[in-house]
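This document starts with one chain, in the form predicted alone, laid out as structure tokens.
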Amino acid sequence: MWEGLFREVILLIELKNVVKSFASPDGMEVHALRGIDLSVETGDIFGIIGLSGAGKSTLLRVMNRLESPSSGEVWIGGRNMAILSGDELRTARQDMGMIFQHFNLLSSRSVSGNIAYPLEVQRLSTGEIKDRVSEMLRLVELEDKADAWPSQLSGGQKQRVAIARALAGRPKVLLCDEATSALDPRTTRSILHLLERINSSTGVTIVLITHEMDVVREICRNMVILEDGVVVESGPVKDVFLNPKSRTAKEFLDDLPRTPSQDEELPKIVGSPLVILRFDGDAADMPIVSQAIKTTGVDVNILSGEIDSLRSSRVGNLTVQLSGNREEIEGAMEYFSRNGVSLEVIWNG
């Protein structure tokens, strides 16, 4: 089908200093996006997360030029969307599919008719449309619903139809605007696993707008966090989970262990440093703490911690207190570092 079609590693999406401002009813200027820089590689599953009003949906609408940026560059597939118009813009948009929170299916068309609609707009032949619709129905596992009406479908089935319709034109990018927010947790997982399988089998690049960290954790490889129209954090998902820096990231990750502040009540014993151990990948599944105790003779008092499963790895962190003589403590720190655990000493009185 699409196997390997978009596998080359290039920057498929690149935004450079993108600004979007609106005039409010009272005449004031509202800055929805303020100097956005981000890049997405071909074949990535990329998450854009932020609280309500952070500018997420505006950013997505600027990407597909439903909104024009006030300034800056929006490069999609080697074309600056910010300066395109007319036929050039319509052609560029064919490389982008989009799905929404509320599905936006045509109630007057069957499942097959909904999937066929964008192909009819592109004026494909009847035979091509029939073949493509059948292909998409297989892709989203709805072959038995070809003649059903949207009113006869569950929420998850409606979103599968929307995905099939968005992919029917074989776009390079699939933009998802809160695509699972209207679904229950079980259906959300099934849709996310479908998107992951589609990404793996076709190579289509997926950009997910969401306010749910569980969505990012489930399938995304890289992410940015928006706060008041500004990118405040970016990088691989595992790095953000291991070491959140921004206020918004810490709010989203408040169920995970976080770096204690200096004001927190942690036991402070002279000669026994407080250390955060951050685990990534295989290290998260190994009994490294017990091995360090056996190897170095150090005493480890675990104060807090958790292991969390991400899309392609497991990460975690522990806040611990190390006790022993200087040689034992230094030996333990060296042992942790040698075995893929990063350390942050937060108190060393």
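Residue positions are given as counts along the sequence shown, with the first one as 1. Here the structure is a predicted model, which means the values were calculated and not measured.
Below, we refer to the form predicted in complex with a small molecule, which is not included among the displayed structures.
Here is the short version: of Val40, Ala32, Val300, Ile288, the single residue with a heavy atom within 4.5 Å of the small molecule in the model of the complex is Ala32. Among residues of the shown chain, Thr58 is one whose heavy atoms approach the small molecule to within 4.5 Å in the model of the complex.
Not displayed here, the small molecule is approached by Gly53 to within 4.5 Å at the level of heavy atoms in the model of the complex.
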